[in-house]
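Next up: just one chain, as structure tokens, the form predicted alone.
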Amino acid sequence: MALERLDRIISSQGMFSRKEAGKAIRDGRVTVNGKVIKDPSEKLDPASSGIAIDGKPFAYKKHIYLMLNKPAGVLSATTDSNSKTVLDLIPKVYKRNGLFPVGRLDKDTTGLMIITDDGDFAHKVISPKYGINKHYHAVVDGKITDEIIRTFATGVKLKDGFLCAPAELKVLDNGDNPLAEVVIKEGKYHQIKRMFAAAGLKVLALRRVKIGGLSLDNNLPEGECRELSKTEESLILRTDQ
């Protein structure tokens, strides 16, 4: 790993600003491999250097990956002057510079969202060329016919003329307002709602439940997040799910 400034390494983890990190170093609160370092510009390998602050080991992570159970009414954005965003839901312990949501969910759509600061990882999840499936549960206002299922499977043509990639549509629960699972690899603006609209149906509720091989943790309350394990990170990029 490339060498980085000590103050930059410490501030990158979100608990200190760059200015606060520099002051802590100059005040003698930071040690590297047991030796006090007072120069904020000291360069070292963040992954292999034993950094401690006030005697407590400093756990460095190059990137962070969070699972958020997004509630309705929250924007999939980093900042907004008028509405709460998904980043406003992230607790301080996970805060760091460069966090962003991987892809977007409509304001009224709920469920699984990944928050990270790893742009390369996010590109692999979002880009259709990597073939990562996104699974949604949709409640609609009318009967889902075999013809609609076949149309989804061959590619829905939206009202603006855009031809969607083939998608899987499966009815999970029949009734006046059927519950269906939709699996897509792309993520155009309001895509699932527009796909059903092209079939003459309105989406009443939409929830993302799975990305790749990673399912939403049923024990994670709406509006809360947790860090992913290494195994869960790799599950996201599975293309056979």
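We number the residues from 1 along the sequence you see. Small disclaimer: the values here were computed from a predicted structure and weren't measured.
One more form of this protein exists, namely the form predicted in complex with ligand URA; it is left out here, but the text below deals with it.
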Interface stretch in the model of the complex with ligand URA - options 98-106, 83-91, 140-148, 162-170, non-hydrogen atom within 4.5 Å: 98-106
Do L206 and ligand URA share at least one heavy atom pair within 4.5 Å in the model of the complex? yes
Do I192 and ligand URA share at least one heavy atom pair within 4.5 Å in the model of the complex? yes
Does any residue in 129-161 get within 4.5 Å of ligand URA in the model of the complex, counting heavy atoms only, and if so which ones? Y136
